[in-house]
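The data below hold one chain only, encoded as structure tokens and taken in the form predicted alone.
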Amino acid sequence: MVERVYLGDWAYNAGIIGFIEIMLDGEDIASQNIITVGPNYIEFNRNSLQGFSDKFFKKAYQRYPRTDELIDLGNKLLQKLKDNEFDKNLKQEVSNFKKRVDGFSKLKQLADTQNIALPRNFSKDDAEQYVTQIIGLLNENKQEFIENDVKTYLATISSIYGQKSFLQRSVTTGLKNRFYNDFEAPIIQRTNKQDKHHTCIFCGLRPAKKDALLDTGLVSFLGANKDNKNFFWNFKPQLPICEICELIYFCIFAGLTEFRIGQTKKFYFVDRNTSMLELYQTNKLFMEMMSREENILKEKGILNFLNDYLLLKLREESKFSLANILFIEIDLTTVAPKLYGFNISKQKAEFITSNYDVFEKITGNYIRINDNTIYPFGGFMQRFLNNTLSFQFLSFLEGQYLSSQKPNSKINTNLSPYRLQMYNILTYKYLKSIKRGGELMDEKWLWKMYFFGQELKKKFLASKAENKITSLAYRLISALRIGDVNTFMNLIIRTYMSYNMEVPALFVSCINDRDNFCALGYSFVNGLLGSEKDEKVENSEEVVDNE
């Protein structure tokens, strides 16, 4: 019997992608004959679910292959013990191995029952014997340990994934058989009892499975339970679900892309409802892109993904494709999972597309304050997507850069006046073209003002007044931060008069337009702080000279 599953909300879509991943088990979607992919649905025969339990556990184990990692680590350690002198460092590696074993509760229990232990003051022979015995235990009980790893992995993401029968604490052995008996076999053999009074609230196609509910035991942030019955009509929080949709929800984990930032693990899903194949290919590409990142979730990651994605499309088509994308981020660092979602409007998609080269140049920046590291690009993008971007953020970055230039500063950054100018240009364009809807002034004027700043800097250096540069920059930024045009202009006029220089007329022409004035003001400050060796300065000199 053929079952059809249509696209739904983002969580259901993540389940569908995970289901496809599990079912195909590495096969190419274009050449397989297990699942039929329609415009907005997938179809599969119930009989094709034969072996689903094996594939499900295999996929989950790939996310957390602790047993194989420990066997591999043990074998390498044994080789080191044979080839090297038993020194302090090697002894520490053995101790670290033991710590990993102690943290593997099921393995530790088994080792204790068989009196396998490492003496406090262990010798080389003791170490070899201990590691050999642990590897032996792992190999002899490998299947059981693998199932335990699967349970541990799914338990760690239980905020996403509930505790159904095979994940309950009371079930310590035979997890895969439990999964097979409770889910795979009844679906294939059609032995699940049906609820005569309800159809599935998701597909609306199949009768609900008797006593099966979309509750917090299945998906905690979507389901319901008796504790929140006050929110439901007639105090009945039952959300009936069919056996197929229940299986789809089990597969959410395989549809999410994982990232680890330090000790924090986050999950991402790219949702879009244009077509089933598009949804699958988009998330597949996202997974592959992120797996190639060495530092997992570099701040440039999503932008890299967008870039590669753009390469798959015609430029005009991509604008609309980006506009339909919804990124989901799931943070499991708290008891209750936090969901963050953002989508990119057509206007912002066009903005990213047309300014991609500038976006690319500001990625990779950092500001380190003692042990804390801030990534300006992430903060910039967050404000850009949340419509809260303003010159205040640029002012903050300028202040951090200036502070980093002080002797013995605790702030270390790779920001430069040139990169600050990139932030300035993007901020200005965003405010004018997206937030305010006004007319943009020519970008050349921003660079021209940058050169006026450099020209003044040369005067300071020629008169051996270098110490005045930072002081003036601080005061100019302070005036720009609060929008004090009078103070800014007073500082400019007095400084230029002291050197018998003519005040740039550009300031006067834009004095009544706050955004234009701020963009020119920050350009001037960046030029004042900038270096002549900056590659963009050389390019821009050509632009100005050719006017």
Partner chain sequence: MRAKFIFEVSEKQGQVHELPIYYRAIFMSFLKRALSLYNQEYFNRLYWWEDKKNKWQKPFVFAVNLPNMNFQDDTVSFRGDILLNLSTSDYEFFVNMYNSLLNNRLYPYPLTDSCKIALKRTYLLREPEKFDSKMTFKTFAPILIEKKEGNKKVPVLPFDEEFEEVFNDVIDFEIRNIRLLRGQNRELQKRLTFRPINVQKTVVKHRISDFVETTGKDIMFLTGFSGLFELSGDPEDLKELYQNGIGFRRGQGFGFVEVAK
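In this text, the rigid core denotes the largest set of C-alpha atoms whose superposition between the two forms falls within 1.5 Å. Numbering follows the first chain given and starts at 1. What you see is a predicted model; the values in this text were computed from it and never measured.
Below, we refer to the form predicted together with the partner chain, which is not included among the displayed structures.
S.K.: Considering the partner chain in the predicted complex, which of Q62, S31, N47, N486 comes within 4.5 Å of it through any heavy atom?
M.R.: Contact residue from the list: N486.
S.K.: Within 4.5 Å, heavy atoms only, which of N490, N40, T36, S478 is in contact with the partner chain in the predicted complex?
M.R.: By the 4.5 Å heavy-atom cutoff, the listed residue in contact is N490.
S.K.: Does the partner chain come within 4.5 Å of any heavy atom of E502 in the predicted complex?
M.R.: Judged by the heavy-atom cut-off of 4.5 Å, E502 is in contact with the partner chain in the predicted complex.
S.K.: With a cut-off of 4.5 Å between heavy atoms, is V508 one of the residues that contacts the partner chain in the predicted complex?
M.R.: V508: contacts the partner chain in the predicted complex.
S.K.: Considering only heavy atoms, tell me if I482 and the partner chain come within 4.5 Å of each other in the predicted complex.
M.R.: Output for I482 is no: heavy atoms all beyond 4.5 Å of the partner chain.
S.K.: Tell me which stretch of 23-31, 510-518, 49-57, 62-70 has a heavy atom within 4.5 angstroms of the partner chain in the predicted complex.
M.R.: Among the listed stretches, the partner-contacting one is 510-518.
S.K.: Which residues within 429-450 place at least one heavy atom within 4.5 Å of the partner chain in the predicted complex?
M.R.: Counting only heavy atoms within 4.5 Å of the partner chain in the predicted complex, no residue of 429-450 makes contact.
S.K.: Superposing on the rigid core, does the Cα of I29 end up 2 Å or more away between the shown form and the other one?
M.R.: No, the C-alpha moves less than 2 Å.
S.K.: Taking the rigid core as the frame, does K142 move its C-alpha by 2 Å or more between the shown form and the other one?
M.R.: The answer is no; the displacement is under 2 Å.
S.K.: Can a Cα shift of no less than 2 Å be assigned to L456 between the shown form and the other one, given superposition on the rigid core?
M.R.: Result for L456: yes, a 2 Å-plus shift.
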